[in-house]
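Only one chain is shown below, in structure tokens, and it's the form predicted alone.
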Amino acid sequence: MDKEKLEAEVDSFKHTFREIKEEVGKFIVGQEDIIQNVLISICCGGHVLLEGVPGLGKTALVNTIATALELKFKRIQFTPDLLPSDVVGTQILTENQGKREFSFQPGPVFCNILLADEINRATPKTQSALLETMQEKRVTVANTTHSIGLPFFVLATQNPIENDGTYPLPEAQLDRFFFKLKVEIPNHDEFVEILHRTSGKEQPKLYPAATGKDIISMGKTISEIPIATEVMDHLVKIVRATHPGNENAPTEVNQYVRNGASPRAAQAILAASRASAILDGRYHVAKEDIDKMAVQAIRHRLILSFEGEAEGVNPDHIIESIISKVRKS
């Protein structure tokens, strides 16, 4: 791609991204990093796992983003009695011109943005029903494959402090999430502003700032941003250092990690770093972009050992140690 065309696409990307973010900011108070990272993930075609205690606005954030993007939105409240057919759809017996036949009844996954609320409350069997959908953007029921329209994103929430009635997400499904983002409690000023916005007579009015075609176009722009060999090597070293026994693995990895991140983590970091470079006004990926995006792309892909689980080791600290050691290598 020639330089002038790339510059025009980058300018369009930044303009559209800013408009979406401003529209979401009309309703969501603070959480700027969370909003930016969710939008980066969406532009890259990735799914997001939002973790935080109840009442921090995770569901409201997803609803607001769906409105700002003018996309078809569906919500599933995950519960222990939820069945796979309640998610992907099922075959039903219908009568057509006197003949009985089975027809496919689409489930709520046939949308553009799916909110999987409290995803860790469903059984592993139901959670796994999303695997094919998240990876292949399709559903197979009764040996028949049904494609889901693009764009398609799963924005899932989970509560980290309540274990009763919850099931840990399978590693294979965790690996399908582009980012895992931790939603923190707002500060004092943000708390006050939340009360003002939610308890007044009038609620902020939201308007679509982009369409599904815009999001797909933004994803293509991201893929055009070049990355130098040296920066790519930096990325690969970080991901490989999450595995015990690697030459760049710090002591924490060898002691507390059972399995490290997959190549899918490297793909997520690369795509997100390209988006980060665009938003910083650059036409190339820097090592700083890699470092900035590594934590949220790897934290849910690190499988801690029994010792790590028992000592309550924070994966974020391990990733920061990895980045520090790779920087010095």
Partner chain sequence: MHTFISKVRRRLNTGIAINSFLLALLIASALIVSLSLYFIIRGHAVETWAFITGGCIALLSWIALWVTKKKNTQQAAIYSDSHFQLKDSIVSSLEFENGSTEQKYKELQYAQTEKKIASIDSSTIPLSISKKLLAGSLASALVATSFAFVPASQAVLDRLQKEKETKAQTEEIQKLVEAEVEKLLEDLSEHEKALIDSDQIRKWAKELKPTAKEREAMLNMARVKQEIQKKIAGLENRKNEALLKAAGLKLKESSNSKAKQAGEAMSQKDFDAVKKSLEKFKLKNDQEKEHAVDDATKELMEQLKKGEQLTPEERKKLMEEFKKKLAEVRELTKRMAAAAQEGNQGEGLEEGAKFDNLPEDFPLDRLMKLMNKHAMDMQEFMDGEMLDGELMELEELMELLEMLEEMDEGLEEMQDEMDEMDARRRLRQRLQELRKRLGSGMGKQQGQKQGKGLRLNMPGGKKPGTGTDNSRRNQKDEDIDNKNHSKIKGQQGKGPVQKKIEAADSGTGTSHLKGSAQQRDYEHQMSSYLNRDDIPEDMKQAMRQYYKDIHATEQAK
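All values reported here derive from a predicted model rather than from experimental measurement. Positions refer to the first chain, counted from 1.
Not pictured, yet referred to below: the form predicted together with its partner chain.
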Partner contact check in the predicted complex: of 58-66, 263-271, 278-286, 41-49, the stretch with a heavy atom within 4.5 Å of its partner chain is 278-286
Only hit among Pro80, Pro226, Pro106, Pro160 for heavy atom within 4.5 Å of its partner chain in the predicted complex is Pro226
Does any heavy atom of Val313 come within 4.5 Å of a heavy atom of its partner chain in the predicted complex? no
Any non-hydrogen atom of Glu247 within 4.5 angstroms of its partner chain in the predicted complex: no
Can you tell me whether Ala210 touches its partner chain? I mean in the predicted complex, with a 4.5 angstroms heavy atom cut-off. no
Is Glu230 close enough to touch its partner chain in the predicted complex, meaning at least one heavy atom pair within 4.5 Å? yes
